[in-house]
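What follows is one chain in C-alpha cells, specifically the form predicted on its own.
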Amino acid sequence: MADRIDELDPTQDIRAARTSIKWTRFAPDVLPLFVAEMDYGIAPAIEEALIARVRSSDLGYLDGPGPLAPAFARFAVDRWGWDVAPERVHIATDVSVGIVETLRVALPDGGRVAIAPPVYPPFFELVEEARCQVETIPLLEKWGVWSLDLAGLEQAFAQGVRVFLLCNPHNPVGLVHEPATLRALAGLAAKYDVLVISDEIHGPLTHPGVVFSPFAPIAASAGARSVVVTSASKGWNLAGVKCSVVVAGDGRSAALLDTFNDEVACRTSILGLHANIAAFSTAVDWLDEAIARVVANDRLLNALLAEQLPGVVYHRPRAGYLAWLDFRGLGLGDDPAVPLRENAYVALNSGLGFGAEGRGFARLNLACSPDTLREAVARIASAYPSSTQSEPVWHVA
C-alpha cells in the first residue's frame, strides 16, 4: 500500500498521467501546490471498485444513497463515535451542492447566512447561489491560536441570521474546533433557532493525537438543528468522481432534507457513490498512511521555512493537508500568490479568496512528495533572497 501511494509522486510522472486543473492550468515549469488535490495515487480498493463498475457497464442514474448510507454510518461510529441513522443520509453531487440545496430548502425566500472567514472561498458564492446574504463573523486569532467568535455569532443570531455555515475542521487554518466550543455554538443555535450546516469534508484527515468532533451529535444534545455535509473526496483524493453525503442531525432537519428535489440524488455520480463506499469501508488503512505522509510534510515545511524563509509565518494545521502561510513579512503585497507564481514559479492559492482576512496570505498543499516541498521553498528563497536575512519569526505550532 505504501508503494502504491508513492507510485505517482514524482511531479513529471504526474504531469504525463493526469489532466485535472492542478496539472494543466499553469505552465509545466510552475510547481502546482494550489488546488486541494493530492499527488498520491488512489487506494487500490477504490481503483478496483471503479473498474468493476465500468466493466459491469454500471453507469446509470441514482435515486438515493443505497449502500453508501450504512457504509458511512459504520465509518462514522468507528472513527468518531457518531451513531448515524442511515435513513437520515442523503446524497448530492459534492459538498458544495449539498450546502446549496440545504440552504434552498431551509431559506426558500432567502435570508442571512453567517460564515467565519478566512474560510473556504466557495462559501461566499454558495450563499449567493442560494439567493441569500452573506454575514461575515471572522475567526478570532491570538498568538497563532484561532477560534470561533462566539460573541459575534450570538449577536448575529440575535439580529436575524438564520443559518451558520460551520467549517469543521476549518479550511484554510486547519483548526479542529474544541468540543467546548462546539457545545457553546450548539447552545446559541438552539437559543436562536439557527440551523448550522457543518462542512466536515476534512474530518477524516484529522492528524494523530487530535480529536475531531462531528457537530451533529453535539447539536442534537443541545436541541439545535444541524445538517452535516461531507465526502470521501478530500480524504481519499476523489474530488472528480462527484458524490457527497448530506446527513440530518435531528428530526426537524431530517424532515427538511426529505423535501430535496429528486434531481439532487439523480445528479450524483454512480462512480462517486461506489468510490465513497470503498473509501469508507475498505480503504481506511490507506487514509491513515496518507495522513502520516502529510504530517511528515508538515514537519518538513516547518523546518524548511525556519531555515530558509524565516519571514514567513506558518499556521500549522491540526487536520487536512493545507498550509496557511503569512507572507506579509516578505513584503509581497496583498496577494503574494501572484509574485510567487511569476517570480518563483510556485503556484499557491491566493489568500484573498478566503476573505479580507486573507490579505498577505497564501495556501499551500502538503499532499505532495517531500522533494516537491523542498523545491518550492528553495525557489521562493532564491526569488526573494533578502527574506533569508530576516530575524526568525515564530512558526505557529
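Please read all numbers here as calculations on a predicted model, not as lab measurements. The numbering used is simple: start at 1 and walk along the sequence shown.
Only in words, not in the display: the form predicted in complex with a small molecule, which the text now covers.
Novice: Could you work out which of 171, 213, 297, 206 is the residue within 4.5 angstroms of the small molecule in the predicted bound form, going by heavy atoms?
Specialist: Residue within 4.5 Å of the partner: 171.
Novice: Just give me the single entry in 101, 154, 94, 326 that has a non-hydrogen atom within 4.5 angstroms of the small molecule in the predicted bound form.
Specialist: Exactly one listed residue reaches within 4.5 Å, namely 94.
Novice: I have 120, 202 and 233 flagged as a candidate spot, so tell me whether each of them has a non-hydrogen atom within 4.5 Å of the small molecule in the predicted bound form.
Specialist: Judged in the predicted bound form, 120, 202 and 233 all sit within 4.5 Å of the small molecule.
Novice: Taking the small molecule as it sits in the predicted bound form, is residue 31 near enough to touch it, meaning that at least one heavy atom pair lies within 4.5 angstroms?
Specialist: Outside the cut-off, so no.
Novice: Taking the small molecule as it sits in the predicted bound form, is residue 167 in contact with it (heavy atom to heavy atom, 4.5 Å or less)?
Specialist: Within the cut-off, so yes.
Novice: Considering non-hydrogen atoms and a 4.5 Å limit, does the small molecule approach residue 42 in the predicted bound form?
Specialist: Answer no; every heavy atom of residue 42 is more than 4.5 Å from the small molecule in the predicted bound form.
Novice: Consider residue 344 of the chain shown here, and say whether it contacts the small molecule in the predicted bound form, taking contact as heavy atoms within 4.5 Å.
Specialist: Contact check for residue 344: no, nothing within 4.5 Å of the small molecule in the predicted bound form.
Novice: Based on heavy atom distances of 4.5 Å or less, which listed stretch (194 to 202, 68 to 76, 132 to 140, 312 to 320) is in contact with the small molecule in the predicted bound form?
Specialist: This holds for exactly one stretch, 194 to 202.
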